[in-house]
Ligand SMILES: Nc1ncnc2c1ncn2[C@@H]1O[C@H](COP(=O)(O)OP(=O)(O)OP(=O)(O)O)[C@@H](O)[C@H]1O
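Before any questions on binding or motion, here is one chain by itself as structure tokens, the form predicted alone.
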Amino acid sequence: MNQPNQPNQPFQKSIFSKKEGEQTSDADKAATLPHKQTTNTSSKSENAYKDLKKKLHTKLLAELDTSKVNNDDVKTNEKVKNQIVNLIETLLTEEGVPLGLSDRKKLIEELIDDILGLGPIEPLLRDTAVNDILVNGPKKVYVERKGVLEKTDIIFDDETHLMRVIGRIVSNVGRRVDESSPMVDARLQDGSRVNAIVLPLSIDGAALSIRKFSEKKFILDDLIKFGAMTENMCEMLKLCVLCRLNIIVSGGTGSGKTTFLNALSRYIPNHERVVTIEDAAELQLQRDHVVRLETRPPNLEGKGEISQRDLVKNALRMRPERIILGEIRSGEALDLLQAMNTGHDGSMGTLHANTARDAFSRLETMCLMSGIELPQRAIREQIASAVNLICQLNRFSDGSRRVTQIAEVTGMENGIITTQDIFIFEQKGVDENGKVKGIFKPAGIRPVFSKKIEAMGYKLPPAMFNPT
């Protein structure tokens, strides 16, 4: 950020940090005393800094027009930032607090982040290398970089400070979190997914989880460069999307399901109308004609909830050509399968499962959660006739993510859904640096759905399925 203008009245000495040329202070002398005394001095300075920051924060909120502060464009509005900087300088002068240059700059940056952004975690949101931000109470903040978790030195002032940040996030999307409603799903302006759970459910303080999404819109060819799949897998999937096959993307938490689904969406023809349904809108489909729907939680009286099932039913009245569920969690699984079976070919969704076979078991279980009493065989017939392809994603110990299995549904036999693998990833251990080794292998079987692709004027070269 720009260096703030200094006030007319210079500050000769900081109560928080010693400037070059100053005489040794009592705090400096304390450094030669036993450790306990030094710690006490440091603690007093830290408390003085926090007290000053809280005082200035309160005055800033009183002086500023908060309706403008909450505007989505404020972060990029340099005029507002400069106004805040000048106001902070004025307040510091009025307080008559001697503050060194480094502490002054730090204080201004922290206050701007508190007023315009999300406080201490704002620098993490700007860090493109960070994928996840995990806050376990006010004093413990972790991040994930390249699939590896690490603890940061970032802390919140206290629980109130953390709750203020959480409140700002959820209020921006019309949601709330408090003792009566202690769990919430939300999203940031850039589409990043947010979950918060607070006291009394989170015993050691509020827990905040943010799944960031890259500003870059990845395509399947990018996943080849990352080693997540092969060129043959990529070319087959492009044709599967183009030719309106129904696809389920399965995987564990953090395996890349949303990124993969976004990449698949690039190959939906532009003239087709797509409706997306999510609990918290995070999909960034690479198409123009997209209608985005988001669920709504109940109000204070426990009324007004709009579920994914409600949205799927409504979507069927919106003339969609494809319906995409960000995450299949419950009874909406049955509604999606019925949509797939009634002319909405090319629909897609994600769910949590460890293998393609497990994905079918989960789909079956979630259909039973719809409240409609159907025999097991009827549900399996729905799945077998609706779903064409399962793409299984996994995250490995080194943080890498790969498409480990692509399987097609071939029908039913003796009451069991039958599948056949088309591509699989075979792990071969790890190298000396801990990186996972392995190879992608075609199963050597030409998929049954290749007839549908050929009927639409495209071809799957037989060579792409030959094991090498």
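The numbering used is simple: start at 1 and walk along the sequence shown. Keep in mind that what you see is a predicted model, and the values were worked out from it rather than measured.
As for the form predicted together with this ligand, it is not shown, yet the points below apply to it.
Enquirer: Quick check on this chain: which one of R309, R244, R104, R211 has a heavy atom within 4.5 Å of this ligand in the model of the complex?
Expert: The residue from R309, R244, R104, R211 that makes the contact is R211.
Enquirer: Can you pick out, from V165, A228, I268, I383, the residue that has a heavy atom within 4.5 Å of this ligand in the model of the complex?
Expert: For this set of options, the contacting one is A228.
Enquirer: Could you tell me if P120 has a non-hydrogen atom within 4.5 Å of this ligand in the model of the complex?
Expert: Looking in the model of the complex, residue contacts with this ligand do not include P120, since no heavy atom lies within 4.5 Å.
Enquirer: Tell me, yes or no, whether P297 is in contact with this ligand in the model of the complex, where a contact means a heavy atom of each within 4.5 Å.
Expert: No, no contact at 4.5 Å.
Enquirer: Even though this ligand is not shown here, does G252 get within 4.5 Å of it in the model of the complex, heavy atoms only?
Expert: Answer yes; at least one heavy atom of G252 falls within 4.5 Å of this ligand in the model of the complex.
Enquirer: Is E327 a contact residue for this ligand in the model of the complex, using a 4.5 Å heavy atom cut-off?
Expert: Judged by the heavy-atom cut-off of 4.5 Å, E327 is in contact with this ligand in the model of the complex.
Enquirer: Looking at 110 to 118, 340 to 348, 257 to 265, 176 to 184, which stretch has residues with any non-hydrogen atom within 4.5 Å of this ligand in the model of the complex?
Expert: Among the listed stretches, the partner-contacting one is 257 to 265.
Enquirer: Along 351 to 382, which positions have a non-hydrogen atom within 4.5 Å of this ligand in the model of the complex?
Expert: The stretch touches the partner through H352 alone.
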